[in-house]
Every structure is written in C-alpha cells, then in structure tokens.
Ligand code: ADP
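Before any questions on how it binds or moves, here is one chain, the form predicted on its own, in structure tokens.
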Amino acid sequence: MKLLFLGPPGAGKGTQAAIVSERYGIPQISTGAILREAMKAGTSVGLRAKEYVDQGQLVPDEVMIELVRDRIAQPDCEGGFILDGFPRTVAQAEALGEFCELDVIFNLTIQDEAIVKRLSGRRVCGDCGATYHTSRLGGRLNCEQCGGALILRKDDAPETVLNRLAVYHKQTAPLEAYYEATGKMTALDGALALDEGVRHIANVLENVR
C-alpha cells in the first residue's frame, strides 16, 4: 500500500503514520525527519533547508522531490510506504504523480487553536529524538528513554507555529481539492482520541488490501 497522510502541522500525521507503519510493516517516510537529519549533518541540502525551516517557511519543491524520489526507490519500499509531510504543494503532488501512484490519502483536519496548543507544548529529546508533551511530563525535563535534555524546537514556538499554519493554509490546503478529485481521499478528524483515529484508518485500509 502506498499511503499519504495530509493535514496541517500538528494534526497528528506522524503519530498515525507510525502506528500504520508498525501494524502493516511498511516504512514511514517522514520528510521532516529526513530534513532534520540533513540539517544536523550539515549537508549542503540541509543547510539550504535550515534557512527556510527556521523561518517557518516551506522548503523548495526541487529539494523535497529529490529527497522523496530517492527514498521510495530504496528496497524497503517495494511493498509500500507511508508519506508523512510530502507533498505540501500542488506542484509537489504533480511531480510525485509522475513516479508514484498513491492508494489512499488520509486528510487530517483540526482547528488552528488546538494545533498551537499541541505544538507549543511539545518537547523533543536532543539526543535520541523521542517526543513528549508538557501536559504529560509532570515537570520532568529529561527523556525517560535515554536521559537526554528535552528541548522546545524553534519551529514549535507559538509564533513560528502560527506562521507555519499561515503558510499551510495558503500553499498546502489546495492539495485537498487536488486529491479530492482523485477519489482516493478520506477525511479524518485530527482531534479524535488516538484509538478512534486508528480504528477509522484500519477500516479504510481493510477495503484497500
């Protein structure tokens, strides 16, 4: 199965994609993770991307397309994959369609106010990358997995989140109309409890397999 999770930043795409990846044994391709690795490594692509990410802007299409094309050509994607965070523009979607046909697109929807609250409370381990939320940390400042310090990523700061949402609504939201026309898109309430969302996704995928 070749799947796409579509929706604004903080809608829960990564969380749901990770669950589907484990359940069906297909890799989750998170462009956010790919970009963070490139930026941490200080590659030329990573440095270019960092300028945009730090400002809450979208990374140029040609960079994202190249990264995704190379990733889905790897052996572990032969049985399918899950795209999380790509495409983000209609131009990217058109480019993707030239070398990949998706089976299902899940469109996660959620109010902007809920996203700001969700993301500004997110904390990430600076060592292993584990993710937490302040509402469940009880004041703890270190990762329970490796003991590393928990940090607020710059792109999760409230002012940056608002900018990211403005960019999303302007440049990425048109993807809804684009993929709606394919007849392969299904809506998913991003505010649902996690187990409810998982059941909804499972029901859709059982009709695809």
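When you see a residue number, it is the position in the sequence shown, counting from 1. Small disclaimer: the values here were computed from a predicted structure and weren't measured. Here, rigid core means the biggest group of C-alpha atoms that superpose within 1.5 Å across both forms.
Heads up, the form predicted in complex with this ligand isn't pictured, but that's what we're talking about next.
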Review point. Would G197 show up as a contact with this ligand in the predicted bound form if we use heavy atoms at 4.5 Å?
Key: no
Review point. Heavy atoms within 4.5 Å of this ligand in the predicted bound form: does E176 have any?
Key: no
Check your understanding: With the cut-off set at 4.5 Å between non-hydrogen atoms, does F86 touch this ligand in the predicted bound form?
Key -> yes
Review point. Does any heavy atom of G32 come within 4.5 Å of a heavy atom of this ligand in the predicted bound form?
Key: yes
**Study point:** in the predicted bound form, segment of 134-142, 102-110, 87-95, 73-81 with a heavy atom within 4.5 Å of this ligand
**Key:** 87-95
Exercise for review: Flag this candidate site as yes only if L4, P27 and R69 all have a heavy atom within 4.5 Å of this ligand in the predicted bound form; otherwise mark no.
Suggested key: no
**Study point:** Residues within 4.5 Å of this ligand in the predicted bound form, restricted to 118-133 and counted by heavy atom
**Key:** R122
Check your understanding: Comparing between this form and the one not shown on the rigid core, is the C-alpha shift at Q111 2 Å or larger?
Key -> no
**Study point:** Threshold 2 Å Cα movement between this form and the one not shown at G80, rigid core reference
**Key:** no
Review point. Superposing on the rigid core, does the Cα of G129 end up 2 Å or more away between this form and the one not shown?
Key: yes
